[in-house]
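Listed next as structure tokens: two forms of one protein chain, kept apart as structure 1 and structure 2.
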Structure 1
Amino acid sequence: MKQNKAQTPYEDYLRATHRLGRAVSMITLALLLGAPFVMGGYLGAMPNLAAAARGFLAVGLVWTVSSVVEFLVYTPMLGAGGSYLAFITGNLINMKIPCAMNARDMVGAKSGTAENEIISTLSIAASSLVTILVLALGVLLLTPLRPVLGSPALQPAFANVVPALFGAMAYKYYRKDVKLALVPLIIMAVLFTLAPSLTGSTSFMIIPSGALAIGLSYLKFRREAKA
């Protein structure tokens, strides 16, 4: 006979979060996969599944591997609620992950704690709503905004949103452990200098760079624990 263990309110919250997260993920998935067919019906031309399959083999497999890595790396950072929301709303590397890490650090929440779970969820939900709102307003104002946002003078600014983000984040994290930061930075700079074509695969280079930083951090942790 199955025994019911006594659940704390936080465990109840987590269980309900997983249930809700799974349900809304599946609904969103059905909506996103169904939309091209609904639009195809309206436009009078359904998706060409053979061409889509060829396209998937050309680019989709790479993104599938990338999704596995993103799932393994980011889920522990974001917790349950944050993960479901982040994978539904997208823009992980360029916005959601730094945003949640920033909020977490500001509040001083430790990974794997209830506080981290709550703060990550609040942060990703707030960030997603801002994007939805900015894009909705932008789309409404697209005609008057297009000349301003599309002006050649502003293009260098918008082409460099990601460097601007990582510059600010670099200071924030490098100052926590300068010695640790120098090793992956130098190795990555040398690698990209010797093989500049890797620039197109920067999101994949996060894996060796992150693994190296975690390995070095672990060695330091062990050394300090023994001392």
Structure 2
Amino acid sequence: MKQNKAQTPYEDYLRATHRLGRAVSMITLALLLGAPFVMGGYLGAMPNLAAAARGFLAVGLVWTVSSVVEFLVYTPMLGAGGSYLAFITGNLINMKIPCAMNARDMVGAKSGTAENEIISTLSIAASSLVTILVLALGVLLLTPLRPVLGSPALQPAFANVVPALFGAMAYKYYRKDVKLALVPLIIMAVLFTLAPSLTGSTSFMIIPSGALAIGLSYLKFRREAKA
């Protein structure tokens, strides 16, 4: 006898989220790829596709690997709804990930749970709306604030927004095990100092630095288990 299992509200929510997320993702992808061609056709200034393809191949391989890594790393952290919103609206590293992580820590939610799914989705949605509002105000106030924003005294602050943001976020994790955190931090700092060109591939460098941190954590766990 066939048994029909009733779907829980959370399962219904996930199914609807995936359905809507896939549809909006395809629409967004079509708009992003189609906009340059529409504008080029309207203005009579279509790009040289062969030259564009060669330019893409020069950097496409690196960014393709980076995109896959970001998807594999961030999706379990953000859940379905948060991932769709974050990847569609963009600015993950600077805005969406810090916002979701902070909101998750404030409520004590864990990755892979329904609580984390809801909290991540709400926090990223709020972040996206705030970003749109700030951008709209920025456009309206760009001319009046141009003398202030162009002041030489503020330029160092603008150049260090991301390091300051992630430094503040990282500290609360580093302080849980300072010795463990210092090893990958020092190695990556030395590596970036010796090879400054790697600063443009920070997403790709998540793989070796994350593998190092996981390996050290595993060794520490094994040592403490034997003690």
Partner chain sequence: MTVLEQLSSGTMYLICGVIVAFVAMVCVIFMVRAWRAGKALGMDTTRMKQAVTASVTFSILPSVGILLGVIALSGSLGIPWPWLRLSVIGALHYETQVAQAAAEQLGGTLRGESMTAGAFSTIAFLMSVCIMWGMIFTTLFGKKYLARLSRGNENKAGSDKPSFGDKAMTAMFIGMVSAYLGSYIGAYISGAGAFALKGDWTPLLVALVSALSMACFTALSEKKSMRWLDSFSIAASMLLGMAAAVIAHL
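Residues are numbered by position in structure 1's sequence, first residue being 1. Please read these numbers as outputs of a predicted model, since none were measured by experiment. Definition used throughout: the rigid core is the maximal C-alpha set that superposes within 1.5 Å between two forms.
Engineer: Please let me know, 1 or 2, which structure is the form predicted in complex with the partner chain?
Structural biologist: It is structure 1; that copy is the form predicted in complex with the partner chain.
Engineer: Is residue 160 one of the residues whose Cα moves 2 Å or more between structure 1 and structure 2, with the core superposed?
Structural biologist: No, shifts by less than 2 Å.
Engineer: Quick one: core overlaid, is residue 219 moving 2 Å or more at the Cα between structure 1 and structure 2?
Structural biologist: True for residue 219: a C-alpha shift of 2 Å or more.
Engineer: How many Å does the Cα of residue 42 travel between structure 1 and structure 2 when the structures are matched on their rigid core?
Structural biologist: Reported C-alpha shift between structure 1 and structure 2: 5.0 Å at residue 42.
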